[in-house]
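As structure tokens, one chain now follows by itself in the form predicted alone.
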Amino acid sequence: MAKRVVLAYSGGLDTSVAVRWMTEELKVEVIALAADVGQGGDWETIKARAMAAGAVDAIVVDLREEFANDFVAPALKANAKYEGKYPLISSLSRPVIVKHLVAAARTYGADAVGHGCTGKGNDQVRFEVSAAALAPDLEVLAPVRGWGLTREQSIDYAETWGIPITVTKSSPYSIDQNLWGRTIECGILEDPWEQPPEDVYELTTPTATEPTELIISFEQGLPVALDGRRLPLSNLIGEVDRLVGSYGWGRIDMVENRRVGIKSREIYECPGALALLMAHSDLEDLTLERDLAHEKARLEPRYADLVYDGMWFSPLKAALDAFVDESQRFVTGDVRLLCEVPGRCIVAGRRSDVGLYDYSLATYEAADRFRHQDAEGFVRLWGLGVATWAARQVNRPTGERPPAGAE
């Protein structure tokens, strides 16, 4: 049985209660590790909350740059959206958190890592599979999965032990946020028929009144500048997030298929992620050769499934990353986005010095240099197989045998 555990600590209800519960019930020392992946917050207050809950130590690791460059960036290049909608907000943060849980376990001499996930969620899979890939010798503790407390009972437990939490019975939402977006669950949102109340949203509150345009510049598949200003990826995501979100654009309300076999209603706010994914995909339309574009589009859902299912540290994911990186060699150029009220963001233009669009081949005006006479033979040969099939099989009267020697 573990004696010391490094717990992935969010500062929320479940992980705060987990600190005290593991201390009392499992008799383990708990080191609370809070990961800054761009969600914001008062880190001193969060550390104090962990200590009040009974942790022997509480640490904060700033992972914003690493998260953006090593986890968000590959997913952006892959246009990764689970079930074509969800840009993998929480899914992307879990492997980087596990990486640092394992590092802290080595530093503190812990024999276990822990998380605050429920038994019906996806995150338990992501934490535990990632831990198995990085440190199979460490035990993984999942107290929330085993204690059998309802959300209301957890709130009561926190009150009993004097753990300062912000969740109340009247505002029961469970929220996870990082620089790639924000997820909201629980409460009224568990009824897929109910419209989400406006008070669940923070990133997409419409405040803008006039249309605006922004130009996102890409180099080898990654956004590097906004309106001509070069920015680190984490900062660029944040600026696009705030700008696009001010138009009330970037909300997702979906019924999602969880890895554990149930459907769940999920609310996401991710204006920056959706805007950058839209711009990146559009630039690929301009710069990727046809067969490469089609094959990449075929593999993108598989990539998203792997990340969603906790397989970030897997051989197939590594192989797909190599393919994606090769595909991005010439995805360089600018995309112009237009934002308008109410709640509209679209691609208004794109350009690239290495784009495959050739005006003289595409135009029907006088500058046209496409060899139209070549098309006749091309079309005839392209359709030759179908034409032969139609003549020899489809159009023969019923019961007529093929000519002798034709079999």
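Predicted, not measured: the structure shown is a model, and the values here were computed from it. Numbering starts at 1 and follows the sequence shown.
Note that the form predicted together with arginine isn't included here; everything after this is about it.
Contact annotation for H115: none of its heavy atoms lies within 4.5 Å of arginine in the predicted bound form. Arginine is not shown here, and in the predicted bound form it never comes within 4.5 Å of any heavy atom of D305.
In the predicted bound form, arginine stays beyond 4.5 Å of every heavy atom belonging to W180. By the criterion of a heavy atom within 4.5 Å, F218 is excluded from the residues contacting arginine in the predicted bound form. Residue in contact with arginine in the predicted bound form (any heavy atom within 4.5 Å), chosen from S154, N79, S90, S327: S90. For the options E185, E239, E139, D321, the residue carrying a heavy atom within 4.5 angstroms of arginine in the predicted bound form is E185.
Look at 117-125, 197-205, 269-277, 155-163: in the predicted bound form, residues with non-hydrogen atoms within 4.5 angstroms of arginine sit in 117-125. Using a 4.5 Å cut-off on any heavy atom, the one residue of 244-261 that reaches arginine in the predicted bound form is E256.
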